[in-house]
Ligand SMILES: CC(C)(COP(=O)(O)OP(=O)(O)OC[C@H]1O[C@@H](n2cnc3c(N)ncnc32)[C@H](O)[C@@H]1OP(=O)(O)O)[C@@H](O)C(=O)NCCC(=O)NCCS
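Encoded as structure tokens, the following chain is the form predicted alone, with no partner shown.
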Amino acid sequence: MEIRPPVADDCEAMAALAVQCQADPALHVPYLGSDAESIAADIRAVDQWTDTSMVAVDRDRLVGWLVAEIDHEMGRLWWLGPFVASDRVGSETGPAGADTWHEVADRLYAATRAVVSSAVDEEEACGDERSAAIAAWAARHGFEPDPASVLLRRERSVAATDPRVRPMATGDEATIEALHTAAFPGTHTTADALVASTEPRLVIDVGGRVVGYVACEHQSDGSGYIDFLAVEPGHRGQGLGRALVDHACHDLFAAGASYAHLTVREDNPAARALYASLGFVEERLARPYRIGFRLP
């Protein structure tokens, strides 16, 4: 078996392999979708992806891959994968004496980490909570598990009529940055990047002052993702978060989203109850594994 950097023409084969893995909770990586087109788009969206990736090829068959998505400013990377062919699972030797899932995954990690700058010292991987293979891979390489996130999905929009909710405007940036920094310290999107993005950002204005915001993304699979929601502590329990989410979903569906989804920490029962009351259905648990940092 050969471990090598990918070329651009490998992308479709990588996406096809990932589709097979994503259908199995034991191999599922929550960072990516489940259809080949969106997975290929997400691979290509990684900056210089062929320079921060490795593929495993056995007898001209692509049997595994791993991509590092890097934020050099933060000094952090996110692992897309590892994806390894399902016929390598559950056997000491794999098919016809081939390398097992774990052997392929370990070789991919060693080869990819070797080409990533040593200045990037924070790493995050993620697997379905039911994935013993990804959990064991993470443990072998020094990752520590953190609390899981619940993945929730909503299929329908509702009327959104709260007049206090509006798009982010010039002059709101400092308030949103302060809310974001307080609510999500150390998260994957900095406050500067949050307000600089062209993706939808809504705020809620109470008494002439912004006291909450919601940040959304249009994703490559056609879905709409609600990435961040924060309301000032003194204004919680007044339905402001509910209004922001309703307006965010309304806008996402109006823009053509096939469904809306989000994640929330498994140890946040109040948020889980809020989203359930808004029509979100819990689909799976995604377990993050981290090196070099923890999130509060």
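Residue indices: 1-based, along the sequence shown. Just so it is clear, the model here is predicted, and its values are computed rather than measured.
Beyond the structure shown, there is the form predicted in complex with the named molecule, which is absent from this document and is the topic of what follows.
- Although the partner is absent from this view, A26 stays clear of the named molecule in the predicted complex, with no non-hydrogen atom inside 4.5 angstroms.
- Using a 4.5 angstroms limit between non-hydrogen atoms, G33 is distant from the named molecule in the predicted complex.
- Interface residue remark: L240 is counted as part of the site for the named molecule in the predicted complex, having a heavy atom within 4.5 Å.
- For H250, no non-hydrogen atom is located within 4.5 Å of the named molecule in the predicted complex, even though that partner is not displayed.
- Only one of 70-78, 158-166, 106-114, 183-191 places residue heavy atoms within 4.5 angstroms of the named molecule in the predicted complex, namely 183-191.
- Among the residues V231, A40, A257, V63, the one placing a heavy atom within 4.5 Å of the named molecule in the predicted complex is V231.
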